[in-house]
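Just one chain is shown here, as structure tokens, and it is the form predicted on its own.
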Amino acid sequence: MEIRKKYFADERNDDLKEIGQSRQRSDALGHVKGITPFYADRAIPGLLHIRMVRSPHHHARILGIDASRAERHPGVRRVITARDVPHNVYTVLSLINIGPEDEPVLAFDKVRWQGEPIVCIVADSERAAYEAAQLVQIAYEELPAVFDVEEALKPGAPLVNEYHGQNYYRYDSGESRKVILGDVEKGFAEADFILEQRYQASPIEQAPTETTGCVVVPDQNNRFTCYTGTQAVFFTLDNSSVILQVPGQQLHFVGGTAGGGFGGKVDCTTEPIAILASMLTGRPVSYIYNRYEEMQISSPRAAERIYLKDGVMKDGRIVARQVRCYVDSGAYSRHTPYGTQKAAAHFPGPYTIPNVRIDCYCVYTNRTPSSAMRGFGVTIGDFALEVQMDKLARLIGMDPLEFRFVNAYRDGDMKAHHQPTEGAALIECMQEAAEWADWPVDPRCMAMSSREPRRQP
């Protein structure tokens, strides 16, 4: 107990005095009183509404678009297609610096997922926009589609996105993001037991109470104010500036308040087209997903398929871990190449394993593009790793928590991506958890410290 107290009371960490103290969120009072203004709460006269015409096919070539009847429909102010968008491609501009320009704002030659936007209707009312959208006629040539990550990587699979030339994102390390430490085959040869398992997670929708959307109001001096629920205000402003080919100072974004997001509102999918509609009409414009669109069109957490192979000794030490992971990016990249890279770096887990081989594939399929959701690239991998840890503990007849103590990384241990561990505190956290849960643990584990060097077998 004294070891843990000393560890957490490090004199260099004055902020630790805040631990355990209650602090009120700065915006909590407005939320509980119901006075916090969200983007759709503003009463704006003359507001126009957007309805998007979306692809009914998972993969198809667009042969022709006839929007003439929609343009004549009462209440319609503008019909927008790809040719009206100055830079008709989403640009992932952010600190992560990963994500190619592989997704059009409005599809023009092909559609690559069911629900992809093609034509934007701008009308006086939601009803008029909806009715006009039904009048747009689009001719398609339906194409073969692929929905399984491993099928997508097989020779002869339908090519999802011509930008890449293959159905995977190419990293510097090749077709997969690789992490290699030691000699994994040698580790397996030395192991007393080997366990191989497959884990599968489906796409997960964030399901916020407030759906994705924004309201744009034209201001004086050719400026536009965008009230938005985005979780990434400056990221969205920068990308809107590139797509619309206007300087950033011409756009005024008001955000910072989201009625739920959980990562699902980092994509820049509504703001550029709503600002463009306001530019073309000179009127304020609202573009808000309905509940169906939020559940079916907005980007979910990616589906993942994970193969784990572990070599373990009778004394509980994991001596080899091999991971093969396939992350379903859907038809376009968005933030999934970044999430896949995070997965590769994280996948050995918080355990010191001398021999590791990781291959993480970011795969393109004809499914809804995936993106961020609460620790994306890490959360699903953690689930697989910890289930695997329980199975390994049962395999060798060891208590599952004690098994984790044996393998927990300590300060100075080399991680699989060749960075030394610093400030681990994992052992101390497990000790605290064991006490709180009244979980019986061997006294030797309760005497361990993350700052003590690991004893070699």
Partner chain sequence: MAKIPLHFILNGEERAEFVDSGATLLRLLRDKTGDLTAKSGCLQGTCGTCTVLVDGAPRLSCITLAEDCDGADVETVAGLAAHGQLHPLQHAVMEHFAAQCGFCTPGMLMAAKALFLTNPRPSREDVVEALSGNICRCTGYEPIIQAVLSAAQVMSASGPGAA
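Positions refer to the first chain, counted from 1. Computed from a prediction, not measured in an experiment: that's the story for all the values here.
Below: the form predicted together with the partner chain, not depicted.
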Is there any non-hydrogen atom of Asp102 lying within 4.5 Å of the partner chain in the predicted bound form? no
Whether Tyr140 contacts the partner chain in the predicted bound form should be assessed with a 4.5 Å heavy atom distance threshold; does it? no
Please tell me whether any heavy atom belonging to Arg291 falls inside 4.5 Å of a heavy atom of the partner chain, as the geometry stands in the predicted bound form. yes
Looking in the predicted bound form, any heavy atom of Glu126 within 4.5 Å of the partner chain? yes
Let me know the one among Ala189, Val89, Ala207, Ile194 whose heavy atoms come within 4.5 Å of the partner chain in the predicted bound form, would you? Ala207
Of 154-162, 309-317, 258-266, 272-280, which is the one stretch near the partner chain in the predicted bound form, taking non-hydrogen atoms within 4.5 angstroms as near? 258-266
Residues in 22-51 that come within 4.5 Å of the partner chain in the predicted bound form by at least one heavy atom, in order, are Ser22, Arg23, Gln24, Arg25, Asp27, Ala28, Leu29, His31, Val32, Lys33, Gly34, Thr36, Phe38, Ala40, Asp41, Arg42, Ala43
